[in-house]
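Presented below, as structure tokens, is a lone chain in the form predicted alone.
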């Protein structure tokens, strides 16, 4: 799901960072308020898990990839704002150290995999938490929502930024990006759902859930 450098127009990049930066500032304040001797090791462990599972990505036609994220689990455990900033930092490290995802696309990647996945997963879990498989459903759905956002941003590139019919940045429109990205993540979402369900159950057994927003 990581968008690489060169796929987004400068206008898209500017707007995405203009949206993301104030949200990062607010999320960082929420993170500072949450930090204590109980949350720090849990957040560190879950962020490390998110980093690892995102490294196992499978290429999707059109130049991007599919994988689990782990945002919903962090959101359930510590809150969606903390999950947003944690996943954003993971994406930054992956982009800078491993070239997985672009620096110019960091804000779009973070808004999709961090913000949308965290909040959709968190509130869906809250809605369904009396049911046994709420973590699975929340994790699964959050990944599909995030993939739709990424597909939307990629798919509008050739619609708005082309010259004489030739796309200047990402070449495939919504007719390609939505079925490829969302379709792929309807399958990858199963891995996200299982990951969320299993780890949540283990942490609940250890009585490490949850730290409310």
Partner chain sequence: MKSNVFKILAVMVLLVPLGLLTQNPAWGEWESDYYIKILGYLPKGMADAKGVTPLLPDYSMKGGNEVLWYYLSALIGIVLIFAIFYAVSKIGKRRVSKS
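Numbering follows the first chain given and starts at 1. On a predicted model such as this, the values are computed, not experimentally measured, just so you know.
In what follows, reference is made to the form predicted in complex with its partner chain, a form of this protein that is not presented.
**Asked** Would its partner chain be touched by all three of 55, 93 and 199 in the model of the complex, meaning a heavy atom each within 4.5 Å?
**Response** Per the other structure, all of 55, 93 and 199 touch its partner chain.
**Request:** Mark residue 172 yes when one of its heavy atoms lies within 4.5 Å of a heavy atom of its partner chain in the model of the complex, and no otherwise.
**Result:** Close contact exists here: in the model of the complex, residue 172 approaches its partner chain to within 4.5 Å, heavy atoms only.
**Message:** Even though the partner isn't displayed, in the model of the complex is residue 49 close enough to its partner chain, meaning a heavy atom within 4.5 Å?
**Reply:** Heavy-atom contact with its partner chain at 4.5 Å: present for residue 49.
**Asked** Would residue 146 sit within 4.5 Å of its partner chain in the model of the complex, counting heavy atoms only?
**Response** So residue 146 does not count as contacting its partner chain.
**Proximity of residue 97 to its partner chain in the model of the complex, heavy atoms at 4.5 Å** = Contact check for residue 97: yes, within 4.5 Å of its partner chain in the model of the complex.
**Asked** If we check its partner chain in the model of the complex, which of the residues in 160 to 177 reach within 4.5 angstroms of it by a non-hydrogen atom?
**Response** Going through 160 to 177 in order - heavy atoms within 4.5 Å of its partner chain in the model of the complex - the hits are 166, 167, 168, 169, 170, 171, 172, 176, 177.
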